[in-house]
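Okay, so here's just one chain, in structure tokens, the form predicted on its own.
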């Protein structure tokens, strides 16, 4: 189904987008929320005037499935950042011929690629190859609002053309891949691993399972059922709230990667842990390993390490 064009004009100010918004929770500043931006735009504000608000969004996507008007709020932020970028374009890889690989390909994010042993275990579990070009520079440029050279994007997509299935660790990149490669079988890393019987058998009833929010919220209607079934079958807890929105740590946001002012990921992690009865934390996003390890004395493991 084709997503509607990004529009702020349909916002009624219902505030449902604030339910799991990490920026609202930490700042209580309505100007920094989807509601605040939409109302400002409705009254003629420019992207430059909204610069602070645009820069504050972590792109966790929790606002999108909560919006009764179905406004594509992540697309709206990305469009505003193209008009008012967070930072100059990161260095892009030079365009060159890229070998194509068939079968399943993993596109690791920065944190996953930094752990070669974990990445090798995941590739073996999925029977997958590793994409030589993970598109990390493209993802960061998109998130920052910087221009991606067309030749660079063509090079990146050409290397994925022959793959029968793509598994992406970066939730924002996954969202864009669905738009760039319609019809291609594309899964998040969390979905690909949690669907494996060998991985599911190692999950425990007293686990707190932390879903990567960007990929989840981009396909919320379908994936909420997957994680609800996982929760019921195994008895574990997740970072979903009562509205089935995934509370994020924000550790993988561009603000952290670009060294800009970012939300307190540890505070977000404590919010996720609050009131939970668990013996172990299992995370889908490798960025979250260090965040949770800093705020709990319980074991913290990546899903790919089970």
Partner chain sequence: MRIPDIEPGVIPPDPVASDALIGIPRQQTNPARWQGAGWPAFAAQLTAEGIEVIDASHLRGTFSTDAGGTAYGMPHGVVIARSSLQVSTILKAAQAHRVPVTVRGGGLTTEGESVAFGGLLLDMTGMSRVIAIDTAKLQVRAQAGIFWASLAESLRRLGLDYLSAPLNLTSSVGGTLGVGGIDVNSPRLGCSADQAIALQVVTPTGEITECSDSENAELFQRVILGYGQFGVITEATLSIRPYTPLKMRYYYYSSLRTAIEDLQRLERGDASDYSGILTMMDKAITLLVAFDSDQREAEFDARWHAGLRGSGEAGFALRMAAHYALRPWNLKEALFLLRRKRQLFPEFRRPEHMRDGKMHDRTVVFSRAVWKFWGGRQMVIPDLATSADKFVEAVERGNAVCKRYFPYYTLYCVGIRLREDHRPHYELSCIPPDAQGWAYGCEFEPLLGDDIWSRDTLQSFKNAIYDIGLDLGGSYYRFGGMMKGYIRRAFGDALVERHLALKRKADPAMILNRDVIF
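Predicted, not measured: the structure shown is a model, and the values here were computed from it. Numbering follows the first chain given and starts at 1.
FYI, the form predicted in complex with the partner chain isn't displayed, but the following is about it.
Q.
in the predicted bound form, does residue 261 come within 4.5 Å of the partner chain, counting heavy atoms only?
A. Outside the cut-off, so no.
**Q.** Partner proximity in the predicted bound form: residue 224 to the partner chain, non-hydrogen atom cutoff 4.5 Å
**A.** Result yes; residue 224 sits at the interface with the partner chain in the predicted bound form.
Q: Check whether residue 45 has any heavy atom within 4.5 Å of a heavy atom of the partner chain in the predicted bound form, and answer yes or no.
A: Looking in the predicted bound form, residue contacts with the partner chain include residue 45, since a heavy atom lies within 4.5 Å.
Q: Indicate whether residue 40 is a 4.5 Å heavy atom neighbour of the partner chain in the predicted bound form.
A: Within the cut-off, so yes.
**Q.** Members of 25-64 lying within 4.5 angstroms of the partner chain, judged by heavy atom, in the predicted bound form
**A.** 25, 26, 27, 28, 29, 30, 31, 35, 36, 39, 40, 43, 45, 49, 50, in sequence order.
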